[in-house]
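Before any questions on binding or motion, here is one chain by itself as structure tokens, the form predicted alone.
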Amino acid sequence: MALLSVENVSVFFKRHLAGGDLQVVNSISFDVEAAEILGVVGESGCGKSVTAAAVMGILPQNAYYKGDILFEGQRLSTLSAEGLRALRGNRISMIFQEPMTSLNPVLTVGYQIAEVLMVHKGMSKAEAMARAAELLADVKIPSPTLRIKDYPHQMSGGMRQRVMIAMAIACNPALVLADEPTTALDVTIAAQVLSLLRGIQEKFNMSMVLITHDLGLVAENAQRIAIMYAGRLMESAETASLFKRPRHPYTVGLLNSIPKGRHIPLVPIPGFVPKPDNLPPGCKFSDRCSHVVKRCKEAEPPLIEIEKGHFNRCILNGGDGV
């Protein structure tokens, strides 16, 4: 049994218009096994973060999801608000994109880490603060007993991100959702944070969903990769298989956008991700695809298993790929 199963999940935002509620995620399905890292890749606006918010039970008040999300065999939709709160931050945790807006500016970082332990583990404040210092040491922050007294603005972006990681692992969760954990960091610090995340994942035997727009980032860190576009899963496979033989034109486009060396020009994907209320007919990538044919615009292809463990949503499924 998978640790996390997302089954035909669609996410909607309520709106009082004739067209009804706005669908931003369309029937997403994937599993995360114990101690596995799944990379979820796609451009901004494709629905990655919203899907993670649905798993965490932190969708905005004007949003809701349909479908099933099972964690350790338990259907999350059956849990009360208190039941979700007991799970969230304890067995499932999340590292958010921008730590400066996720951390409370008027509380010390030590207290914000300690609060997780006081709520979920019943520790006293003194015990929790001592453990917070240990967690800061785990994420390689120097002088942790002094830095627990710092406020977020007194730390650099890389150190704030490490604080977010410390909060996420405080209760030794089974699953961590890392939402663009290196977006606001420079290349050197981003590499350090990724190495730190991978080391913690291996040390504590956690599962992780690594959400990013960068295929290169997940290449060395994820066992499997899921490619999202316009709220849909377009391709999914083991990492080695996806890089060796990508089958969807969008995946190929993302790979071609990765820098390959000096004097080698990038090949960008033309156009932009469509808005959820203005999607093209048929295949949702058809207006940007160099392989488009008439049939692509007539009906959206289903996601099918073209090889063992390799899923693709393209009319080229039966052919030799792209």
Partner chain sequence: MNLMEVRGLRKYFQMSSGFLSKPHQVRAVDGVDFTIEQNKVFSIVGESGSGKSTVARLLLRLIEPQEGDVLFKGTNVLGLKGEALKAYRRSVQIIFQDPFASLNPRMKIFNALCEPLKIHKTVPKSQFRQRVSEMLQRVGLTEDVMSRYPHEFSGGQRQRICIARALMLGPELVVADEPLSSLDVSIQAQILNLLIRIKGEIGLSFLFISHDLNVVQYFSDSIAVMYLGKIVESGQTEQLFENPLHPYTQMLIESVPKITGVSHHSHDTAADTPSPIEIPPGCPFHPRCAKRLAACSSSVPELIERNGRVVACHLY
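Just so you know, these numbers come straight off a predicted model, no measurement behind them. Positions refer to the first chain, counted from 1. By rigid core we mean the largest C-alpha set that fits within 1.5 Å across both forms.
The protein also exists as the form predicted in complex with its partner chain; that form is not presented, and the subsequent description refers to it.
Look at 59-67, 23-31, 253-261, 290-298: in the model of the complex, residues with non-hydrogen atoms within 4.5 angstroms of its partner chain sit in 253-261.
None of the heavy atoms of Ser241 is located within 4.5 Å of its partner chain in the model of the complex. Interface residue remark: Glu43 is counted as part of the site for its partner chain in the model of the complex, having a heavy atom within 4.5 Å. Shown alone here, Gly73 lies farther than 4.5 Å from its partner chain in the model of the complex, counting heavy atoms only. In the model of the complex, at least one heavy atom of Thr188 sits within 4.5 Å of its partner chain. Remark: all three candidate residues (Ser195, Ala219 and Leu266) come within 4.5 Å of its partner chain in the model of the complex, counting heavy atoms only. Residue Arg162 is the only one of Arg224, Arg162, Arg232, Arg247 with a heavy atom lying within 4.5 Å of its partner chain in the model of the complex. With the partner omitted from this view, the residue of His120, Lys140, Arg131, Arg88 that lies near its partner chain in the model of the complex is Lys140 [heavy atom within 4.5 Å]. Core-superposed comparison between this form and the one not shown: the C-alpha position of Leu266 differs by no less than 2 Å.
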